[in-house]
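Taking the form predicted alone, here's one chain by itself in structure tokens.
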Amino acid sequence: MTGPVKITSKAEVEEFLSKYDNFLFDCDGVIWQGDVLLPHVKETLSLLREKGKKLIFVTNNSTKSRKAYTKKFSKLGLDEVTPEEIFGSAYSAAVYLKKVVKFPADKKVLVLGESGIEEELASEGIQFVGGTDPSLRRDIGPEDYDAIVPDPSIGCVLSGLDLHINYLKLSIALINLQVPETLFLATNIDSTYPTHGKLFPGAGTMCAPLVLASKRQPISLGKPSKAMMDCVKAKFEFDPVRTCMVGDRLDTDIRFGQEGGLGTLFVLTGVNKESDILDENADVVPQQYMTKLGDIFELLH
């Protein structure tokens, strides 16, 4: 198997850009780290737009809606990014429920997660409970063990990154998952959440207790799932061969691109390092890689 090719010259950048019309970007670790824009990302994105490339930002972070993400892009000086160019796992889950599952209008989604999920479900006209409900941000009490029973109005448990996860929320979710007809979805099953140069527990750690207790596996709507790729392809209608996935994480971003039939570009500003892709036993290897996304601009100038 041929190893990944490192892009280090102007000629290599030009050849790389000539192969693709569309670029899918992960955000944290590629565009920014935490709340800091990475070097020459703004110039690189502008350059790609000038060349007529279509840009799509695909993120597994379900805590923010597309609208909220647009505000973050703007805050970092990327004012040209629109909500229509953003495809997050919360939106992916909402689209899956609405368009693929045809979720019944009289049913509700029990949310383990933040406002991003709620906003995207609302945008698709889907009813929900749980989520940011302040009444659930407390310890479980003796009376709860009798009070928690399956809710016939709940047709789906949707698990995402919940910054206020607790035993009460997990208990309500588990009791409802014991009804076989209740759908079990996850915005993503990432083990970690990279931010501020460190790794924190990811959305996968929210649903892991439910997987263990219910003996059920959720359908994941984030990278690298085929379900998310199908939703992205349906929305943007691109040619996979002329599309490149750019990411910093091998098990989500690069696998997502490979399994979707896309080209792959790996950058060294996030989770995985150069040694991970050069390891002869590496499970996932990108086609090409560079130190950072901003190298595209720097090497052309």
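The term rigid core refers to the maximal set of C-alpha atoms that superpose within 1.5 Å between the two forms. Small disclaimer: the values here were computed from a predicted structure and weren't measured. Each residue number is its position in the shown sequence, starting from 1.
Beyond what is shown, the protein has a form predicted in complex with another copy of the chain; the following relates to that form.
Residue 146 belongs to the set of residues with a heavy atom inside 4.5 Å of another copy of the chain in the model of the complex. Taking the partner from elsewhere, residue 193 is found to have a heavy atom lying within 4.5 Å of another copy of the chain in the model of the complex. Contact between residue 162 and another copy of the chain in the model of the complex is found at the 4.5 Å heavy atom cutoff. When another copy of the chain is considered in the model of the complex, residue 199 lines it closely, a heavy atom lying within 4.5 Å. Of the residues given (130, 224, 204, 155), 204 alone sits with a heavy atom within 4.5 Å of another copy of the chain in the model of the complex. A heavy atom within 4.5 Å of another copy of the chain in the model of the complex is found for one listed residue only; from 166, 217, 74, 82, this is 166. Every member of the trio 174, 178 and 209 reaches another copy of the chain in the model of the complex with some non-hydrogen atom inside 4.5 Å. Looking at 121-129, 209-217, 93-101, 226-234, the stretch with residues near another copy of the chain in the model of the complex, meaning non-hydrogen atoms within 4.5 angstroms, turns out to be 209-217. Annotation: Cα of residue 147 displaced by at least 2 Å between the shown form and the other one, core superposition. Residue 77: CA moves less than 2 Å between the shown form and the other one after rigid-core fitting. Core-superposed comparison between the shown form and the other one: the CA of residue 180 stays below a 2 Å shift.
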